[in-house]
Each structure stands twice: as structure tokens, then as C-alpha cells.
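In C-alpha cells, the next block holds one chain alone, the form predicted alone.
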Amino acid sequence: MSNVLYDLPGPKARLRNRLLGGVSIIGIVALLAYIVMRFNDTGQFDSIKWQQFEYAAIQQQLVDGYLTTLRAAGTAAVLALVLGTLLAAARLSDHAYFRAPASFLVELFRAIPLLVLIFFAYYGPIQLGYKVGPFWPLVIGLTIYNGAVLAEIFRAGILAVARGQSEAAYALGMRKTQVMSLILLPQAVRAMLPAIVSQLVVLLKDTALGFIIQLPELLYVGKQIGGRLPFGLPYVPSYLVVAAIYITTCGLLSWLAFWLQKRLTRGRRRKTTVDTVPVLETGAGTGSAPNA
């Protein structure tokens, strides 16, 4: 048996893959066990290092940092989606004076590291004599970088739709804006959804770069909490708590994307079934009777 991209593995190959998978799992578990043992030997699990998390003030600091992270990620996500949509529409335009600048901006912003964009947005106005806070420079950097990446995702998703769909719509007399909004986008969104959510998860994690410009987001708060000498400088416990919050949030976003994609697919199948049944019944009623 073969697939489109590769030959399906036979019995020996499947056995070998299972053995390699089992060895990999054992290796990962052993590595995690070694890390936990090292943490235990260096006193990272001592009660004094975890005692501060029982105080309401520390918990409130973590909540405030988490809300700042969500606010920055949410604002940047909305702006990046809007920017990505505009750049993708410009790159798909039939006019070169729209397509060429958009292509240049997408390639430029994708090539510049995100941290450099944040530094430009933060230190640029300061050099010009304008004092800015750390929130909007982080949002601007995230918006520009992720907007360029999302533009490529949108463009690739639209181009992945079968060309006959747009040709049939043009044959019916639709304009390009109608073809894009009514025919191509609804089909492309289903294919683009996993990639879009994956990029938004990356955006959420990249908000941690805000601690470099002293934005009081989650990682910055975790660093402050970990630097308290009365509790034995609990950097490792603080970063473990911060990592657990990030992992939980990203996991919930991934689950939401999976649920939404499954719901959209199920709704499409149900709609296709409902639209097909009347056609079959009409054909059966108007057609000629079968020969005896």
C-alpha cells in the first residue's frame, strides 16, 4: 500500500517504529526524572521556596501579570489579524501597485527578528523625544511580525481552494470581492484555522519578550517573585508556576481550535446532506420509470 507522499510502512517497519517510539519515551521520562532529582538535590522543592505562593499579595501579582499578558496578546492578535487580512488581500490583487508594496512589507517584516521590531517601537520614539510606555511597543512589534506571517497563511489558504470554485463564481457574474468573501474565504477558513491558532499561540508566548522593556507581564512578575532573598531566591519554583500557566493557556487555545474546526466540519457535512436530499427526490420524481 502507498500514500500520496510516501509508501506506507510494512510489518517490520511498523515494529521498528514502535521500538524507536518506546525507546524515545523511556529516554524522555529518564531525562525528566533526572531533572526532578537535580531540583530535589539543590533544594528547589523545599517548603520555604514555595511558601510565598500562599500569600494573597503574591497571587494577586501573578493574576495581574497574567491579565497584562492576555491584554497584550488579545490586542496584538486582533490587530495582527486585521493587518494580515489587508496584506493578503493586497498580495492577491490584480494590480501591481497594491501587490508589490504588500509583498515587500511581508517579506521585510518576516525577515526582521521580533525583538528588533519591539526595540524599534520602544526606543525609536524615545530617541525622537517622546516618552512611551512598554505596552504599545510590545503590541506594535507583535502586530507587525505576526501580521506578516498571518498574511502568508491567509494567502496560502485562499490559493489552496480549487480554482474551479472561483471560475464558476465568475461565470455567474460575481465580482472579485463577492467571490473572495462568499466563495473562497468560507472554504479557506476551515483549512487555515489550525495554522491561524498555532500562530496566535506563538503570539501569546512571544508576549514574554515584554519583560525586556519592563512590561509587568507574567514572566516579568515571575522574575520579580523569584528574586526574593527571604524565600531563598526561588527562581526555579517561580518559573515552574509561570510555565504551568503558559502551558495551560496554550493548551486551552489548541483545544478550542480543535473543537471549532470539528464543529465547522460537522456543520458543513450536515448542510451538504440537507442540500443534496431534495435534489435526489426531485430527480426521482421527474425521471422516467425504470424498465420492467
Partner chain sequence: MRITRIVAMTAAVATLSLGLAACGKEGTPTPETPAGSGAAPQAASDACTSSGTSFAPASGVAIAGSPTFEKIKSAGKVVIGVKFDQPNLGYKDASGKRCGFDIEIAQLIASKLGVDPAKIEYKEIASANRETAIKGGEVDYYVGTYSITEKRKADVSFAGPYFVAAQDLLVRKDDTSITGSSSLQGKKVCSATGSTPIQRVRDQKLTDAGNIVEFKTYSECVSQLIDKKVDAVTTDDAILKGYAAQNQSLLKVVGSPFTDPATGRPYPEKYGIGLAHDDKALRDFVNAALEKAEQDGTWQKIYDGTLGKSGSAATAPALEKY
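Just so it is clear, the structure is predicted and the values come from calculations on it, not from any experiment. Numbering follows the first chain given and starts at 1.
Keep in mind that the form predicted in complex with the partner chain is not shown, yet the notes after this line are about it.
Taking a 4.5 Å heavy atom cutoff to the partner chain in the predicted bound form, the contact residue among P186, G133, P101, G164 is G133. Contact here is defined as any heavy atom lying within 4.5 Å of the partner chain in the predicted bound form, and by that definition each of I58, I212 and Y235 is a contact residue. Stretch 120-128 is the contacting one of 168-176, 186-194, 120-128, 71-79, since its residues have non-hydrogen atoms within 4.5 Å of the partner chain in the predicted bound form. Under a 4.5 angstroms non-hydrogen atom cutoff, the partner chain in the predicted bound form has I48 among its neighbouring residues.
The partner chain is not drawn, but in the predicted bound form it has a heavy atom within 4.5 Å of Y220. Looking at Q52, you'd find a heavy atom of it within 4.5 angstroms of the partner chain in the predicted bound form.
The closest non-hydrogen atom of F231 lies within 4.5 Å of the partner chain in the predicted bound form.
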